[in-house]
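Coming up are structure 1 and structure 2: the same protein chain in two forms, each one given alone as structure tokens.
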Structure 1
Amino acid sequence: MRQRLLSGGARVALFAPLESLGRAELVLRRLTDVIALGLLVDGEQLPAESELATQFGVSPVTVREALTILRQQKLVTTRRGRGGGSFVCAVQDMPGAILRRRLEALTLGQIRDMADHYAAIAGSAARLAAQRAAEENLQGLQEAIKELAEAPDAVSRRRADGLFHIEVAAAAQSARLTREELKLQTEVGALLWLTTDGADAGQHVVEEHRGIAAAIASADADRARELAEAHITKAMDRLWQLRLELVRPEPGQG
């Protein structure tokens, strides 16, 4: 009997490019993310070029190329001589501009696809966490919620939000789900916060995190999954809407 062949669309996915970006661009994106996410703080010194090259597994030339662009974008500054090197310059509203550019580069279809992926990861992680979390994990969740509730600025809010989701994946005892969550955090974590500016920024996020944590703590796997999926879907819907608005004329003008 003839084996069933994959549909055209599935075949396309099979043979999609393994890495669509160049190496310098990958290094650039990683460093930009790390600075935009506030994981490297203002004035912090980057490791030497050679050390970065070893760490990323690329050539020093590639690192230099990426650093040149970062300098042009005013994300790092380089000082020569003794005590010199590359230093992070994080300007408060700068990450917003970068993130907006990143959002513009995404299609609505890609955002929808990302939303599905993220909801699947977050939902599964929450379901498993409800089945497997021990006291230590629950504490981690509570600490992440507290950090978000008390976060003084946008950068710490993003960080604390990401930390909560990573703690959920860790509570699921899954290294793979945790790595996926980390990847998604880098890819969309910061973008999601574009939609949550303002005075009470993050309060509803805190509430939703509390709900998920409570479901995990009471070992209610179905509810934990449902709440986590809804949490991600809601956030991604806002992002989708924001992306749509980028092409729409201002209200009242069209």
Structure 2
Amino acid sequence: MRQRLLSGGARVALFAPLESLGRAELVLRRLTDVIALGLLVDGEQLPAESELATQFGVSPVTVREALTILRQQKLVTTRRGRGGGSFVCAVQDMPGAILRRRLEALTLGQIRDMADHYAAIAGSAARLAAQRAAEENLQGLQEAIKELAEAPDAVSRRRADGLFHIEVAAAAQSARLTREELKLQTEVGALLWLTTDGADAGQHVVEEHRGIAAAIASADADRARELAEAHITKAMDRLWQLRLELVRPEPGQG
């Protein structure tokens, strides 16, 4: 299935000015996150170095340094000559065993704290999106829902889920909320999908996304916030339960 590109509003948020200017590490982190999350698709061309520098609010030298590291990490490839530029190289999905080890390394207190933070961010973004979303934003939400509903595999489901939440944050017209959503997707997005498997995996997530999108489209800010917070809380509760199961002693032990 051909993956769709982010909406214009979401792309503006991805390349919004950085928190601190002049640091290649921040450019590197931002681009690494969006590539690893699959928000930029395989083969997609990045903006030119000068354009990236302007959008990020840094110097072209800083962007060039970050792109050099991305090439070394094989996250982008650069082609010279006519039609050239820097192009995204898709990353392989992180194996479930690695994700489970990452989950095992988290304490229950850390998961609870992460859940509180994520619910607050998602709820605020949905509330503001209901007040501020443009027609393009509403279309982006529907396309992300459609992509999730039709996703053929776990990798596609994770990407589509992350895409929806990024589109909600973009619809809130808040660069800071969008940056926080990106951080949370990097930190916990893949872990959440450890709790769903099978051919019908994620259908309940699709329905929850539809409810959030409908509240945003009808400009019902309180309902949008309520549904978004509940959506994240339920997902984090499932993650909490899985974390308990991963460390539960075998029968007859301890």
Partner chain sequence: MTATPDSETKRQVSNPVSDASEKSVSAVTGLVRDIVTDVFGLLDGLRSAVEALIRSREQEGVALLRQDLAVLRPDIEAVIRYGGRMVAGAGFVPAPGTLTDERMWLEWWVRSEEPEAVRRLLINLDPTSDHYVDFTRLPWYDTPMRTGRPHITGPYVDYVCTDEYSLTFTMPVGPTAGAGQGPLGVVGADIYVSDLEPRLLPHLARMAAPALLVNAQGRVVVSTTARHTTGSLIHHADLKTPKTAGSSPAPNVSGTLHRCGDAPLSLVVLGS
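Here the rigid core means the biggest group of C-alpha atoms that line up within 1.5 Å when the two forms are laid on top of each other. Here, residue number means position along structure 1's sequence, counting from 1. This structure is a prediction, so every number in the text was calculated from the model and none was measured.
The form predicted together with the partner chain is represented by structure 1; structure 2 is the other form.
In a rigid-core overlay of the protein, Gly211 has its C-alpha displaced by under 2 Å between structure 1 and structure 2. A movement of the C-alpha atom of Leu67 reaching 2 angstroms or beyond is seen between structure 1 and structure 2 when the two forms are aligned on their rigid core. In a rigid-core overlay of the protein, Glu226 has its C-alpha displaced by under 2 Å between structure 1 and structure 2. At Leu46, the distance the Cα travels between structure 1 and structure 2 is 14.5 Å after the core is superposed.
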